[in-house]
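A lone chain, given as structure tokens: the form predicted alone.
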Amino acid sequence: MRLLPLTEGLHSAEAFSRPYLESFLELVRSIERSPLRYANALDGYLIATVFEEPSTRTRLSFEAAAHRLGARVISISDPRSSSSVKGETLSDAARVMGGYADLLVWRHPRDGASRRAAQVAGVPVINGGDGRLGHPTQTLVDLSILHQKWGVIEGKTVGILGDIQNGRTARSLAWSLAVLGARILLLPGSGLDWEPGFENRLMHRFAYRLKRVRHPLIQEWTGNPEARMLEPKGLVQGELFGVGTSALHGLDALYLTRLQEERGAKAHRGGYPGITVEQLKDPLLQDTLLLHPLPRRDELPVAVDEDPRALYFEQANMGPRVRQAVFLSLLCPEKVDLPALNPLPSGNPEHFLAPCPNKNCITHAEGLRPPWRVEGKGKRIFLCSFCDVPLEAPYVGCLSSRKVHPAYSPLVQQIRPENLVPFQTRDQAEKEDYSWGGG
């Protein structure tokens, strides 16, 4: 098996473990209590921020964090001023910029862009938001404000309201909440739900179960009388134990998101869900913390700003401290002693599969075959290593036995990962000298 270079840096919430997050959140609190402790930790370092999509809070908070740590910053803040408008590929740009700086922060409209950049840059790359795939440092900001208010996030119930199909912050947050053992209430707008594959992987990875819950506010928000709740199998909350649809009795936090119009999202029947001053009077929201990654639109009226439950400006103010901690963890790990991030498999580019079905995957823009990684115990699931979208692999060969089997065969589970060879058709496998193994 030929593996691609490691994707050094921070690219996805899937890199987070519970020990890492718990230690990271304590590091943020330490920086908040002693802001001058690391004032010169990055003296002599040069950081490049490359933003090929508009940004205010993310870019400025990264740059503020770098300056507060003593680093210097070079920046591309307008994609029209970069060579991408001349047709330069991400790979070429990353190779060049990796020679200019010690670390790159990259925002890009394509899914998986930061992972591709990290393979060729030669320096760590931080994902500043890629397509609709993820925004891991925003999630660290979100978790930090919750940790500040609660201390422990495990067992809390957090609702995610709005465009979860296209909202990268929603995906990263949901995954990280599962890492920490929280309940996740999904409240997508009409036609704005994410694909089942992401949710299925989350539930499988963390042994979560799906419950359905009801409350009058759910109908007001989504147009449906009930919503999906993802929760650890070991947690029980009154009526949520058992089968059928249960009443929702409490909501510890509500994470609002705007409609992602820049990714083609449109509000469907009934408009786009949001919060109102009148809804805040409902007993369900009595102690609910209100979060939003900003910028906001009509889903979060200005009239809510003075409510003590509204934390979104405090949340935004956490950005520089959180990104200071990210920089320290990647450039000066000896000074902060955090557990290592889970390595993201870079994938194997050798296969006989179709192009990545995700049209926004970076592989399409860069002319690359999608490298694959594998997940699953009950069934092998092949994923694009750049964008995490499942790749269709109906047949699986074994490199050592030279046998090919249908993907659903129990025999496939016995093949060591390094010996897996996915195929689109049986004929392809036989042309490569694999014989039929059945199953």
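Don't overthink the numbering: it's just position in the shown sequence, from 1. Predicted, not measured: the structure shown is a model, and the values here were computed from it.
The protein also exists as the form predicted in complex with ligand NCD; that form is not presented, and the subsequent description refers to it.
Residue R107 is the only one of R183, R171, R107, R115 with a heavy atom lying within 4.5 Å of ligand NCD in the predicted bound form. Among the residues P295, G151, P343, P196, the one placing a heavy atom within 4.5 Å of ligand NCD in the predicted bound form is P295. With ligand NCD left out of view, the stretch that reaches within 4.5 Å of it through heavy atoms in the predicted bound form is, among 255-263, 96-104, 333-341, 173-181, 255-263. Contact check for T58: a heavy atom falls within 4.5 Å of ligand NCD in the predicted bound form.
Interface membership of Q138, defined by any non-hydrogen atom within 4.5 Å of ligand NCD in the predicted bound form, is confirmed.
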